[in-house]
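Only one chain comes next, encoded as structure tokens, the form predicted on its own.
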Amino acid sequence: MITRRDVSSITADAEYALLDARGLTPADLIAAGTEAHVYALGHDQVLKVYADPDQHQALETIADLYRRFDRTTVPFALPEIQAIEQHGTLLAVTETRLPGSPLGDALTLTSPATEHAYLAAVRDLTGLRLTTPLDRRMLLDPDPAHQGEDWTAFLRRLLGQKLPKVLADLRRDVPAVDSITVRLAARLSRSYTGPEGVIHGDLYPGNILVADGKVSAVIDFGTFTLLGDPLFDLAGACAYYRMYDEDRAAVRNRLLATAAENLPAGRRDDLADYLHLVALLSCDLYPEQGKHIRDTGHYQWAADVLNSPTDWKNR
């Protein structure tokens, strides 16, 4: 996965120069994420301003993925990148302007109807396919040694790299972590032979857009995007919805139970295993300055996922 400088690294002088060159002003700002400032570029396009020109190749790879999307396999819009240009110390990316607002801005996240719409969109996205295949599991993995890797071998490798870094801490907070990892190792020793698709990897309400009360687009593929079993995305998305709210366990279990309703028993087990993999692989990804990893919000979320029973599989 890539590391990016965030928007705090964008200097005002450099940004004003870029905006002036594009005929824009600060008043055209429509969104500010952690990685880019987004400006309206007419009615049909947006300009994303990144602080790190070293992202150029990664964004070219993402643009190539977008060109490979079989857009007929999902009922909503997906991103398109038209141009990637360096401007001084900044990177300017022109994209199609997609309709809608983030789900949490457009709808009430605590509403059962919103939960239903969210889960339906996630399920729809598991049908996304490519018109031409890619030769790797992780979109932004440049290592040629990983080309052609089996899906479960890929996950086994990631887990093997992660556990030495986090296992000592997790053993203090997750009593069953060793039995979980033993079960996952057994699961990942078997090859996956089912359908493969695009795994967004970061499906939470902010990356799903809504217009006129309906899901209109899914955005921000890239850093966590994988190619493999689409059920992996479904497990992560169920866990990411309202993930830091006090009732997150109840919300998560409700979504997982609904997601598992039409799955055969073996695939319900896969959904539970993928949920634990998502927690294990991401538990240390969001450090907070001045805090031990065990005191960070995302680690505590991951520990909560790993400590929660999976009785939702049998509802």
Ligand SMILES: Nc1ncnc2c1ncn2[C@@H]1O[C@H](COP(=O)(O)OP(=O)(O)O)[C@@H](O)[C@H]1O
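Note that residue numbering begins at 1 and tracks the sequence as displayed. A quick note: this is a predicted structure, and the numbers were derived from the prediction, not measured.
Keep in mind that the form predicted together with the ligand is missing from the display, and what follows is about it.
*Asks:* Quick one: of Thr73, Asn207, Thr152, Thr89, which gets a non-hydrogen atom within 4.5 angstroms of the ligand in the predicted bound form?
*Replies:* Of Thr73, Asn207, Thr152, Thr89, the residue with a heavy atom within 4.5 Å of the ligand in the predicted bound form is Asn207.
*Asks:* Which of these residues, Ala176, Ala185, Leu98, Leu167, gets a heavy atom within 4.5 Å of the ligand in the predicted bound form?
*Replies:* Exactly one listed residue reaches within 4.5 Å, namely Leu98.
*Asks:* Check whether Lys48 has any heavy atom within 4.5 Å of a heavy atom of the ligand in the predicted bound form, and answer yes or no.
*Replies:* Lys48 belongs to the contact set for the ligand.
*Asks:* Check Pro102 for me: does it contact the ligand in the predicted bound form (non-hydrogen atoms, 4.5 angstroms)?
*Replies:* Contact check for Pro102: yes, within 4.5 Å of the ligand in the predicted bound form.
*Asks:* Do Leu263 and the ligand come within 4.5 Å of each other in the predicted bound form, heavy atoms counted?
*Replies:* Leu263 lies outside the contact set for the ligand.
*Asks:* Can you tell me if Ala279 lies within 4.5 angstroms of the ligand in the predicted bound form, counting non-hydrogen atoms only?
*Replies:* Close contact is absent here: in the predicted bound form, Ala279 is far from the ligand, nothing within 4.5 Å, heavy atoms only.
*Asks:* With the ligand left out here, work out from 168 to 176, 125 to 133, 214 to 222, 190 to 198 which stretch has heavy atoms within 4.5 Å of it in the predicted bound form.
*Replies:* It is the stretch 214 to 222.
*Asks:* Enumerate the residues of 20 to 44 that have a non-hydrogen atom within 4.5 Å of the ligand in the predicted bound form, in sequence order, or give none.
*Replies:* Stretch hits, in order: Ile30, Ala31, Gly33, Thr34, Glu35, Ala36, Val38.
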